[in-house]
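Take a look at this single chain in structure tokens; it is the form predicted on its own.
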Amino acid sequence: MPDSKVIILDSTLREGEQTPGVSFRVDEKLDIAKKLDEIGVGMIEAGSPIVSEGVKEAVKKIGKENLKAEVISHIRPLKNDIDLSLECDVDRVAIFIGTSKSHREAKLKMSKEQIEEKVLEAISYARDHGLKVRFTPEDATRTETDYLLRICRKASEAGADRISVADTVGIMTPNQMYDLVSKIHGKVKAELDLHCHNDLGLAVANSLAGVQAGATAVHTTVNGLGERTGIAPLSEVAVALKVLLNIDSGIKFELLSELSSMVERYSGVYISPTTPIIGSNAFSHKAGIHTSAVLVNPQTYEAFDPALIGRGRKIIVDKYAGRHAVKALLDEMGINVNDDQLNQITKELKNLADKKKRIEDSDIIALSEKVLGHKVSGEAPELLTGIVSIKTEPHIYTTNIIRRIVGINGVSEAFETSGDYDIITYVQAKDVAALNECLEAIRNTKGVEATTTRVVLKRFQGNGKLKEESKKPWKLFG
């Protein structure tokens, strides 16, 4: 049985920055490290100080930040690398070297014995200088088992208190990972880490299997960044450990979305709506049979309560929606209808959904008013007002996009923002048709990836006063 607590090691700042097209600035790395520490990550792989002066500076600043998480430098088995790590004030060095036959012959051109000698010398040097050591036999899952066990055992005896089982090209199945980790766990006196690549989409499954076999730390990155197809995503590993294995990883689930959004902005790599846990569709229900069942008992179509990670479920209303879903949405909007009116609104909605790709709240309001024959409850503004949240495409300067958007007829104000969306706009129109025309123009703007629109049903005003000391600079367009 695995321990009741498993450490999450996050390697966004090292493995994650090896994603093609990704390069974090020093200040961004520091922001990410602080957020990882806040969310409860136990170890942070801050980078390899040998890569560049900028990486070294980032590792050094993170090392001096006095974080609760253990800060790790990822290095080769060389004294110079260890000396650079000592300058950076890290807690641990992760010494790696390829051990598989292809690595030994094609990359290193070294014998098994030569690799062992190099590793043991580096571990002893690091330990003599007060550093904790993790040894990573790179490409461990393609290394001959006898040799893997031998070098891991010798590394442990030399002072490495952690060994990382690296599935470097993501070729393991969960059963194979369980068997391999079990063998190492039974013969090596060191804690075991798991570093699982996602080339075949099995990184999370292999990580869970390794934990069940005795590993006590899982390597992750935010949003699954990394070489090629990345490694196991932090959010999926942490939640799966809790939901499937009842194992505490120390992660504050309610901060996962905030962390994901930060790394999206800094990396320029945006997650798919269908991404597990943190994707915008993760808790959305669309098909009529699904939505009616979920409204009665959410467990019918949910693996776990979205409240666990501070999210809520969303009922999608379009041509697939049934009466229950439409009624739930109307209730949420404060629109009261009888059974006949509900049936008519549902029918009208399905007809409309056959003609357009997306049903907006404004469409529901217009259909309701048509069927009911009067304005819906609540005092609507004189003009229809929409609040449009916009996610932009990566690697396109947000200011260029927003300058195009403010030129669209109907856009009254626009803001560059932090959080899940990059731009928030206020749109005003005389009627639903004009509002939809404006929304379509926004969606068709070059660089706009996705939008979410909310129609203002009531407007309330405050006293308009703002204390001088609370004023903050913001960027306003329009």
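Residues carry their position along the shown sequence, with the first being 1. This one's a predicted model, so the numbers in the text were calculated from it and none came from an experiment.
From this point on, the text means the form predicted together with ligand HCA, which you will not see here.
Participant: Heavy atom to heavy atom, is F283 within 4.5 Å of ligand HCA in the predicted bound form?
Facilitator: Output for F283 is no: heavy atoms all beyond 4.5 Å of ligand HCA.
Participant: Answer yes if any heavy atom of T143 is within 4.5 Å of a heavy atom of ligand HCA in the predicted bound form; otherwise answer no.
Facilitator: Contact with ligand HCA, no.
Participant: Answer for A209 alone: is it within 4.5 Å of ligand HCA in the predicted bound form, judged on heavy atom distances?
Facilitator: Judged by the heavy-atom cut-off of 4.5 Å, A209 is well away from ligand HCA in the predicted bound form.
Participant: Indicate whether S164 is a 4.5 Å heavy atom neighbour of ligand HCA in the predicted bound form.
Facilitator: Yes, S164 sits close enough to ligand HCA in the predicted bound form that at least one of its heavy atoms falls within 4.5 Å.
Participant: So if I measure heavy atom distances to ligand HCA in the predicted bound form, which of the stretches 134-142, 355-363, 77-85, 200-208 falls within 4.5 Å?
Facilitator: Heavy-atom contact with the partner occurs in 134-142.
Participant: Is any part of 8-42 within 4.5 angstroms of ligand HCA in the predicted bound form by a non-hydrogen atom, and which residues would that be?
Facilitator: Result: R14, E15, Q18.
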